[in-house]
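This document contains two forms of one protein chain, each encoded as structure tokens and listed individually as structure 1 and structure 2.
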Structure 1
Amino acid sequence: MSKQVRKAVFPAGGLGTRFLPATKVIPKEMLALVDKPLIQYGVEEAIDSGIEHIIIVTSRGKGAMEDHFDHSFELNAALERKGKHELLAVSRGVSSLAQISYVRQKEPLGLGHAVLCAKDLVGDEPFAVILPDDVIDAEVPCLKQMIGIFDERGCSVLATQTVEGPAISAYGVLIGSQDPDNERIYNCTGMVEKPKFEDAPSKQAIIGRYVLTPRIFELLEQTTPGAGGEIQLTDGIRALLKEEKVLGYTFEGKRFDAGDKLGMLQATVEFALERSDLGPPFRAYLKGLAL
């Protein structure tokens, strides 16, 4: 079994109902954040973290993702003809980003089920899971930070962020204690899915980045559908916790929930402001608004 994290799974088989009607035809993962589809941010993060093989879990009607990462012969020929060399480089760059495999999830039976669909492509080695609608702005890519912890400790790592107040009820929340040697690490003994604020066992909320050992696949196979008839990834991780060490890791960086309308708007504003081409005129525009 390879001990290196070489593969990343992108569950993108969900229905994206929170973004209807935009997502009736267009996959949520293809919605643009400024000028790049959400999933491309995750794919670039994976590549910048040393991942060699990307596995995207798709579903019916989500072929646009495959086309996006493929060569677009007509587009490239047209850009070449028109002498638009910079745009041609952008188009070619997208299709040569990484080795990408696709696997279909035939029914949206939950995040755990989507991860399980990638079992044969991952094989018997540790791997990463990236939820494409969690976009993370970080100096060192979030996944790279997590792989660093995996390499050091040799166990599964879940990205977390500290969430204050009732907002914690939207997350899976860790039970456990802070690691004595590293204040960013949380030694996990359990987890609860979407607890009431008063019942939350900690402020450590799980977000959409995971490094997991392959044992999770067997445990997901044994997991019975939970909330909403779906196979939950957190149920699989809860079973993993009983057998292996699992760590929470408070990553350095800022996460946006771009699968949610408000989160997408916040990400759009912040990513646009950071851009050298758009930032200055956009800032001037925002300052001129009577807010």
Structure 2
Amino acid sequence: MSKQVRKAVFPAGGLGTRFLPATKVIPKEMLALVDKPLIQYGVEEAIDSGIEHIIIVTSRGKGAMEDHFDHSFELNAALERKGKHELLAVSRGVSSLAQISYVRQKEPLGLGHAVLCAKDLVGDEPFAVILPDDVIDAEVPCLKQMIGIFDERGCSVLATQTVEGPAISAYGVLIGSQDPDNERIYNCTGMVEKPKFEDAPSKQAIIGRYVLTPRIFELLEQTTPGAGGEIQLTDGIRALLKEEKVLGYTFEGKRFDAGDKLGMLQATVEFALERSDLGPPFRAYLKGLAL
């Protein structure tokens, strides 16, 4: 088995109902965060982390994602004809980002099922999973940090963040203990999905980044579907824990839940403020608001 993490799976087959009516036609992953679709932030993070092959798990009505990462001959020709060379470079850059493959998830049968759909394209090697909803602003890409831990420890790594108070009930939460050699690593012995605040076994909440060994595919195939006939990734990881070591890793950076309207607005404001072209006038505008 190759020990290098070369492939990243993007589950992107969901309906995006939290953003209706916008997502009635437009895939949630194509909603713009400032001027780039959500999924492009994740793809760029993967590429900057050394990933060579992107695998996007789609469903019916998600063709806009394929078009976005493809060459647009009409657009490029129009931009070239008008002498808009900077915009032409942007358009060409998107279609040259990475080797991208697509696989269809024909039914919405859960995150574990979506990952399982990528089995044949991943093969027998470790791989990453990136949830496009989770946008992470970090000096060193979150996935690159995680791959560094995988290279060092040789086992699956789950991205986590410390969540205080009742908000922990919205997450999968790790059971285990802090690693004696690295305070950012959590030695996982189990996990609980969306526990009550008073029952949460830790403050370590799982967020949308995973580095997994290929054994997870066989375990997902053996996983009994739960509510709604869905196969959950956390159930597969629980089974993996019985055979292999799994680590939680508290990444350095700031995570935005862009699958939530408030999170999307927060990300839009903060990413815009970081831009050299937008930051100064946007900051002045915000200061002028009667809040």
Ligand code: UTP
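Here, rigid core means the biggest group of C-alpha atoms that superpose within 1.5 Å across both forms. The first residue in the sequence of structure 1 is number 1, and each one after it adds one. What you are looking at is a predicted structure, and each value in this text was computed from that prediction instead of being measured.
Undergrad: Look at both copies of the chain and name the one that is the form predicted in complex with this ligand.
TA: It is structure 1; that copy is the form predicted in complex with this ligand.
Undergrad: Residue 262: after superposing the rigid core, is there a C-alpha shift of 2 Å or more between structure 1 and structure 2?
TA: No, shifts by less than 2 Å.
Undergrad: With the two forms matched on the core, what distance in Å separates the two CA positions of residue 229 between structure 1 and structure 2?
TA: Once the two forms are fitted on their core, the shift reads 2.7 Å.
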